[in-house]
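This document starts with one chain, in the form predicted on its own, laid out as structure tokens.
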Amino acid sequence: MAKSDEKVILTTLWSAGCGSHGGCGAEIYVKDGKVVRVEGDRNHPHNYGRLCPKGLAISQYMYHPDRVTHPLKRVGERGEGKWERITWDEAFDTIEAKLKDIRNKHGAESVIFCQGTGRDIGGPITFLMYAYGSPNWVQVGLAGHACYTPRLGAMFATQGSYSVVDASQFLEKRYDDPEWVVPKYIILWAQNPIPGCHDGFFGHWIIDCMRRGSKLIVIDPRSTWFSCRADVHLQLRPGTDGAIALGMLNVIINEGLYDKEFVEKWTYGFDELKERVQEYPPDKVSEITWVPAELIIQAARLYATNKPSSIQWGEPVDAMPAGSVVAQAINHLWAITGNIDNPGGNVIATRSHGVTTYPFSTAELTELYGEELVKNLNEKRIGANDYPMIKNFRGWVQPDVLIEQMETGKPYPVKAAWIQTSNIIGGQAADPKRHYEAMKKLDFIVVVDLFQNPTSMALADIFLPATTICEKESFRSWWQPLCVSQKAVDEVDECKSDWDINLELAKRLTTNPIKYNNARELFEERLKTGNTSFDKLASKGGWEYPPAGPFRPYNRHERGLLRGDGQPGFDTPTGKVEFYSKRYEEWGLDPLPYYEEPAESPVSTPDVYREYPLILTTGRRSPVFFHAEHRMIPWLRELDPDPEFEIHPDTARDLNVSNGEWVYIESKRGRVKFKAKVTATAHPKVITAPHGWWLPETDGRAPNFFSTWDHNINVLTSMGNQSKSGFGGTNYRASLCRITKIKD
């Protein structure tokens, strides 16, 4: 193949194809109308030409023989795997008729709109949902909504806006910008940034900072590449992160290491916080967490006395027994040291140019639709009346309440589900068998995806084939820069983009006219708020940083750029960072952070611990898969062929388990088969397993569903553990298990 014959399209990768939360610039190489390879865009300031294996393997993803490329209708019983090819017109007509009939008989609220993570789906799915009139947007089975939302809620309540590590990503010149300061210390809290799933954060930025002098403190039950290079590694008991944060606050406050000027001028509730943290001296925290007290003290001193420093955290924070409380305590650490929106600290992260793909927060919804409509939606939104934080922060359903409502039909029945970018029973759902039993009773289910998976095979009545990122236009407004995804090739066969699918159905299902003729018109309206356009961004290589103002750091609280009234301060009820949260108080929650023991642990359930003497933490990330995606892609599966769990050599020896041996991991909720990886990186009392495992090469029909019941670690997890806020409280990261030999 002559490279001179290739056409190169610059784009921003999101999903489908590469998975992850996206943002990387890419060069799509096209020959004869097909994508032949993908490389990183060396001129893109997000990744500087670096690209993960998932991005490099997009062509295998696009042209895989098992990809679904035309609409399908189920013709047998659910789970039989009998499908009939239909036209798009028949698919749209069927969906329109079914959903209108359900709305007429049971109300729009009886249809749930289910998404997973990754893929630019928040905009398309909420656009369709609100056009239909349903208030029920949900990540089905995501117990405690334990993915980023608890952290977002805690930051909203504490400082009014969101923060991330300042790795210079908000500056176009990046590391060469004279405004930026290298963080002296970065705390990596519950995240292994290279293989992890990042929220607008590129994992290699940590290494870039290390090359420029940043030192590390790592808080993680596992040993990782980063912990081996850290000055301090707090190898804690899973689920006890809140105690670590409170212990560090105890040291910082009692030793007077906090930023007194910032605390005096810009914070509220310091005295109350000081009193609360006296309950968590380092010796007590050491007993709770298994971390030596001297290491907790050392970590607190290093972080507090080396300004600027920053904290990068991961999803396990959300999955703590009280996820929104743990995040609150960690937020207090960067606030009390004055590391907030300062160069090298935790910078305030706003949507680039002020552009959003579609409104997610309660405030944004109110601004777009009006207070009365949002009030009416909230009255019917599942879980909103149970949890004030759910009602007043974001437009999500509470997933633990949803599963109960699907089972009981109270206060109203759930009749149908629109499932887009979500492999519920093979991926995110805790207790997936319970969800399977509940959802198969629904009258009508549509799945929009690219490959058949356990959820589509088990539940779908209609399957709609979506496009990859290379076959569609889209835009990305997640922090900075503002990016567009350009279409590189025509759609494969009859596939359509998520935006086009949802826009067509929104026109058919809405009770009010839709003014957009196509998705591009919708994009242009959203981008217009940022004084830009799709073509303008495309002509610049696909990205643009915002001009000086509220969307660029630093110290915006001093300049009146964070509050709607233009006054200095933070967007909170007091105008200050609230150690004592007035919003938590309003929502009936403890305004101050506290520690809550996991519901199942050596401490809370000693009887269970005697029978199941190991702590199980699930969700270990793979660098080549995104959650439950990509198991069928040859390059990627070759790198990570089997569901493996990590176990310490001493523990393996005591159990007579050898490296590479298949065993059962058992809890009181069930058992799954995993392959042992004996490694000193594991904690002797903890085993770590990845989630989302299913085998696309096996039978997809009932009852097998691509072997998901055999290898999905979430079989061992449960729903109904949500915290007082409704966010967090799941046992994804801290439950009890045992290892048994497979005898037959």
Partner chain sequence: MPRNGLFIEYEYCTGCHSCEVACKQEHNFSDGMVGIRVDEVVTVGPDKVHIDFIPFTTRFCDLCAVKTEGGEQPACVKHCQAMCMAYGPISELTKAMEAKPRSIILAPR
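What you are looking at is a predicted structure, and each value in this text was computed from that prediction instead of being measured. Residue numbers count along the first chain shown, from 1.
This protein has a second form, the form predicted together with the partner chain, left out of what is shown; the following refers to that one.
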In the model of the complex, the residue from F170, W137, F523, F202 with a non-hydrogen atom within 4.5 Å of the partner chain is F202
So which of R653, K82, R211, R610 gets a non-hydrogen atom within 4.5 Å of the partner chain in the model of the complex?
-> R211
M155, V325 and G588 all contacting the partner chain in the model of the complex, non-hydrogen atom within 4.5 Å = no
Taking heavy atoms and a 4.5 Å cut-off, does A97 contact the partner chain in the model of the complex?
-> no
Just to confirm, E39 within 4.5 Å of the partner chain in the model of the complex by heavy atoms?
-> yes
Answer with yes or no whether L636 is in contact with the partner chain in the model of the complex, where contact means some heavy atom within 4.5 Å.
-> yes
Would V624 count as a contact of the partner chain in the model of the complex, using a 4.5 angstroms cut-off between non-hydrogen atoms?
-> yes
Pick from 64 to 72, 700 to 708, 671 to 679, 715 to 723: which stretch has a heavy atom within 4.5 Å of the partner chain in the model of the complex?
-> 671 to 679
Residue by residue through 207 to 243, tell me which have a non-hydrogen atom within 4.5 angstroms of the partner chain in the model of the complex.
-> I207, M210, R211, S223, T224, W225, S227, C228, R229, A230
